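Structure 1 and structure 2, given next as structure tokens, are two forms of the same protein chain, each shown alone.
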Structure 1
């Protein structure tokens, strides 16, 4: 099981480096999903299935969807359709697809072997009650501040990205001939 841990960690490191080095936001987003899935696999291997589920549901689900909505909100140009056609080439998705297939094969192997937490690392099962007490106990201020920071970022991105409608008086408009 140690080899599966190291493979997941290597995929996480590689995909995170690809997130950092990509210029295109969609490419970086695909690698970010792979990074989140590999971290969830690492959590599952070390015996934290609840943390793995939270990683998939919250990060790979909600945060990525939020980023997609912000991208859609900021991409209001007419050239967006042509740009999306360029983005959806096999060169874009083949890298994340290979890394995701490695993670999927590893997860099937771990689930098939029956001993998911036997990685040789210290193993302690963390249930949802302990996570809730920890988040909303001593770390409540951090949770609330991070929520407000995310909301401020979304509102700021919306206001920066929206297109201002030019108001021109009807007498100042040039007539089309």
Structure 2
């Protein structure tokens, strides 16, 4: 099992790197699906099958599909890829990459110095029953709030995504004249 964890971890990392370096957004999304799937595998390995199922259904299914729909609605042309290539030059990504590596290094250092890192996982399965009991037990308030958040998301998405006849704000309109 250990080897399976490492393999899927490697796949997740590699596919994520591919996601952030692709010029074509559809390719990036395909890699993203791979990344999600491999993460789902990791979840499964460390004993969270319910989370793994949700990862596949919601992340790899719903969210990615949502993004693809939006891309279709935007009706991007082929020159969008050239545009991306133009934008992604080394001088753009070197600095942020270094900063992020510093952050990462510090994280690793923190993890390494902590005593928690020494122990292994107990490898005990936490099934959906336990999660459900916990959700509708001590976390019921969180669930309610999540419901409200989703409601707000629906209303917000509807409101923002609506194509009004006059989409330009009056300040912007003045500026265009």
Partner chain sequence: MNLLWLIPTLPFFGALVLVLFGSQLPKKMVPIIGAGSVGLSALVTFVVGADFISSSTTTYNFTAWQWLDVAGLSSAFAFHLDALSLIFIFVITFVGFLIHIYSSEFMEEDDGYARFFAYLNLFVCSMLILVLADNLVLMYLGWEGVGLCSYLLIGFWYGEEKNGYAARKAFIVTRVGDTAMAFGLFVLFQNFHTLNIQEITTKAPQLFAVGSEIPLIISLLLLGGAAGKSAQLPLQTWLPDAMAGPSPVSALIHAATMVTAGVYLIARTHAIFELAPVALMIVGIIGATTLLIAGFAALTQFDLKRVLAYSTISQIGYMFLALGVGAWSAAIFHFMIHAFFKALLFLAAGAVIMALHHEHDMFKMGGLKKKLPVIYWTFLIGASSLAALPLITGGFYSKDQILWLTLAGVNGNIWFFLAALLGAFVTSIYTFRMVYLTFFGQEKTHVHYTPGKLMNIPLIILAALSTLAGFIELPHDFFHLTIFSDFLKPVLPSVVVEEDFESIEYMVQMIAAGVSVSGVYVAYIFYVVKPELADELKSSAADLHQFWYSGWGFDRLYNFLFVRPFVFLASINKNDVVDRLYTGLVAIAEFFHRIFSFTQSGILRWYIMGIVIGGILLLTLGLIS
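Numbering follows the first chain given and starts at 1. Throughout, rigid core stands for the largest set of C-alpha atoms superposing within 1.5 Å between the two forms. Keep in mind it's a predicted model, so treat the numbers as computed, not measured.
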property	result
Chain form predicted together with the partner chain: structure number out of two	2
Residue 17 C-alpha moves between structure 1 and structure 2 by 2 Å or more, core aligned	no
CA of residue 152, rigid core aligned, shift of 2 Å or more between structure 1 and structure 2	yes
Rigid core superposition, residue 132 Cα moves 2 angstroms or more between structure 1 and structure 2	yes
Inter-form CA displacement between structure 1 and structure 2 at residue 108 - rigid core frame, Å	31.8
